[in-house]
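One chain is shown next in structure tokens, namely the form predicted on its own.
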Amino acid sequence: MHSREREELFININPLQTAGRTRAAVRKAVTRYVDGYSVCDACTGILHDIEKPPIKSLTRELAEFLNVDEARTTAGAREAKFMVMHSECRPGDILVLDGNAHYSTHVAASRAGLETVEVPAGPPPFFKITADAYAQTLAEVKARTGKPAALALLTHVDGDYGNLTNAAAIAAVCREAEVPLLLNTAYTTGRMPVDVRALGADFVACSGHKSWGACGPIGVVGAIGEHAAHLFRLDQRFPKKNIELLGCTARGSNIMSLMEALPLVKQRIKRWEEELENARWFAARMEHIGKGGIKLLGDNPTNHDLMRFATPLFHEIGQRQRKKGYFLHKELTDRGITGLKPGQTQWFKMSTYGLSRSQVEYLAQAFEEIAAL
């Protein structure tokens, strides 16, 4: 089967893909601007000032949507994180970050020459990141170095367990410690309502291709107040060019796909409570199926569509199957379900984002049937 047919005909539960799937209008926009010069030809020196196509209005709209003072498109969330780190910090400075942070956060910090200090996650099975733990880590850094950390980063929802952190409480702790906060929203903005200013963060990094239904790579970076002025400062020799953006970043078909996807994103975040109810219903059904052999890790009940299950039940069943660890992937594929990595049976991550209740019920029924093998 062709990969596009699988995308269209199968139920996809891969959390990297569920909120990044593009609709027809987005794909059409991409084909219209696929040439490398399609956007740059309209530029008079400042990408975010282009009026036709309306990138200037898109930039304003992104800032309003996130509730920040200024926003720009980037090549992805990791590029947005690096920009903030490079702008706010100097080599050797300390970045305080959560213990559930994505690898790209660590790589960005290494590229910026920063020392990282992790806020430890709580014990299993919840792996929680708390404001108290941030406060303690920030205090320890200041006691050791004699000055506050240069920057703090919080993963709003992590990609391992789908834990939704209390960003407002952690932002308050950072503010009291006089440490600016960068909120990594790769799994939240675009999926659910996020008001950056109300949460108290100073910067935000977003993933357009992971959570906004746009073609990749595309992301957004935003900032508030004096932080925005510094992050988006201009070069002295080339006064139209943002330094941290290297003049300009995302352009061409990817920025046009984000432009086309944004109206749908604005509508679908209004259905977040419905998405959350589907995820919680499914997680409870899975734990009931397992009778102890399937357990939800992280927040329980879950507060996000990304869920991680420990599944020793499926691992035990696999030992009796001809395909061993690959049986689960095959059984799901036979039922029109894709997104699970081949060979995974002891645990797996998945997402119900964008599925109807009837699809979620079918998904639960499929796992019930497989558990009965």
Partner chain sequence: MDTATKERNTRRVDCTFRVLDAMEDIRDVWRDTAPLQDLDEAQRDKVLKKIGAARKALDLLEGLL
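Residue numbers count along the first chain shown, from 1. Quantities reported herein were computed from a predicted structural model and do not represent experimental measurements.
Below: the form predicted together with its partner chain, not depicted.
Residues with any non-hydrogen atom within 4.5 angstroms of its partner chain in the predicted complex fall in just one of 344-352, 57-65, 308-316, 25-33: 25-33. Heavy atoms of residue 336 reach within 4.5 Å of its partner chain in the predicted complex, making it an interface residue. In the predicted complex, none of the heavy atoms of residue 365 sits within 4.5 Å of a heavy atom of its partner chain. None of the heavy atoms of residue 14 is located within 4.5 Å of its partner chain in the predicted complex. Residues in 246-278 all lack a heavy atom within 4.5 Å of its partner chain in the predicted complex.
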